[in-house]
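Consider the single chain below, provided in structure tokens and representing the form predicted on its own.
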Amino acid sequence: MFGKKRINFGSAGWFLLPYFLIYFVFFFLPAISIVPMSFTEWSIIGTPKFIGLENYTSIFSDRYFVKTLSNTFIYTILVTVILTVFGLLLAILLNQKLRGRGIARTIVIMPYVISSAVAGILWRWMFERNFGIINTYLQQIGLPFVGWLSDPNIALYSIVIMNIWWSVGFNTVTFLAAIQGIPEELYQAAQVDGASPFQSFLYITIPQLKPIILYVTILCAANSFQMFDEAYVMTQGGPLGSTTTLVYKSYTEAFKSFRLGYSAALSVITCAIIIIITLVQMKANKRNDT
């Protein structure tokens, strides 16, 4: 009996080994290596030169870093809030006993099947100023063309719209699964006591979904803070740096300017901010629970 358990565990370990090897080589080792690399000056060719905290001081004295950090925070806040609220509302709607809700659920999750790069290319064509389908319809109803991706004041929000369309399905399905796990007896008891649908939502649905809301907001914030594909395929960080995020700037510093040490320092700062945001969210959730 115990021998069989050891054999099964060993078999599972062998099946998991390729994944852990890939994870270790292509994620864990690079993630660790950026820390010592961030204290060096290196242009891929030659030997890295230790320069201490010079990369970090250069980053915080760079006037474009503030703009990049601001873009990243604005994007993260907008996407996280809208995706969390909109995903929850869609889940509640799709949980109702309505005709065609199965088709509606499929339509909502379908965009998430494609990659973010493909979604970005699709929306870049739709946002095209002169020939894009959105401006074409605006012209037909008598409205002027909008520089969705060419106007520095609009470009970042255009990427937000694209990301909401692409990823709201994941949040919706997550919330929908959690809502279906709430005991129906709670709603029946509230109905007997004369509670309105809004009161049931406020005092039953929201408290029951608190762990899922925390999970979704942390995931959205972490993913949004690492936004790269959308900026790369839609705007290349422009116009005038209005869509340049920390991850995109890290990419350009490494593979266009060949400043790997500077890029590594940006990556370390990005990772540290994500960890801080996650810890703050978790601590705030614990305070609300107490």
Partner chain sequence: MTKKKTSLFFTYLLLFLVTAYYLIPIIVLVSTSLKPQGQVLSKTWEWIPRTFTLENYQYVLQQFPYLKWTMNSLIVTIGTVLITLMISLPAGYAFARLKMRGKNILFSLVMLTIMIPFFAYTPQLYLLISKMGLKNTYLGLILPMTTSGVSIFLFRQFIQQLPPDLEEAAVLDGCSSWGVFFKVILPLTKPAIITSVIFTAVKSWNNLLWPLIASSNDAVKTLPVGLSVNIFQVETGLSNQPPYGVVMAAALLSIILPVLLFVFLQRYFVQGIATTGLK
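Numbering follows the first chain given and starts at 1. Just so we're clear, the structure is a prediction, and the values are computed from it rather than from any experiment. Think of the rigid core as the biggest set of C-alphas that the two forms share within 1.5 Å after superposition.
This next part talks about the form predicted in complex with its partner chain, which is not shown.
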So which of Ala189, Ile107, Leu202, Val81 reaches within 4.5 angstroms of its partner chain in the predicted bound form, heavy atom to heavy atom?
-> Ile107
Is there a heavy atom of Phe60 no more than 4.5 Å from a heavy atom of its partner chain in the predicted bound form?
-> no
Can any non-hydrogen atom of Leu16 be found within 4.5 angstroms of its partner chain in the predicted bound form?
-> yes
May I ask you to state whether Asn55 is within 4.5 Å of its partner chain in the predicted bound form, using heavy atom distances?
-> no
Please check if Phe170 has a heavy atom lying within 4.5 Å of any heavy atom of its partner chain in the predicted bound form.
-> yes
In sequence order, the residues of 173-194 that place a heavy atom within 4.5 Å of its partner chain in the predicted bound form are Val173, Thr174, Leu176, Ala177, Ala178, Gln180, Gly181, Ile182, Pro183, Glu184, Glu185
Has the Cα of Val247 moved 2 Å or more between the shown form and the other one, judged after a core fit?
-> no
Take the rigid core as the frame of reference and indicate whether the C-alpha of Ser43 shifts by 2 Å or more between the shown form and the other one.
-> yes
Kindly check if the Cα atom of Val66 is displaced 2 angstroms or more between the shown form and the other one relative to the superposed rigid core.
-> no
Looking in the predicted bound form, are the Cα atoms of Val113 and Pro18 closer together or farther apart than here, the change being 3 Å or more?
-> farther
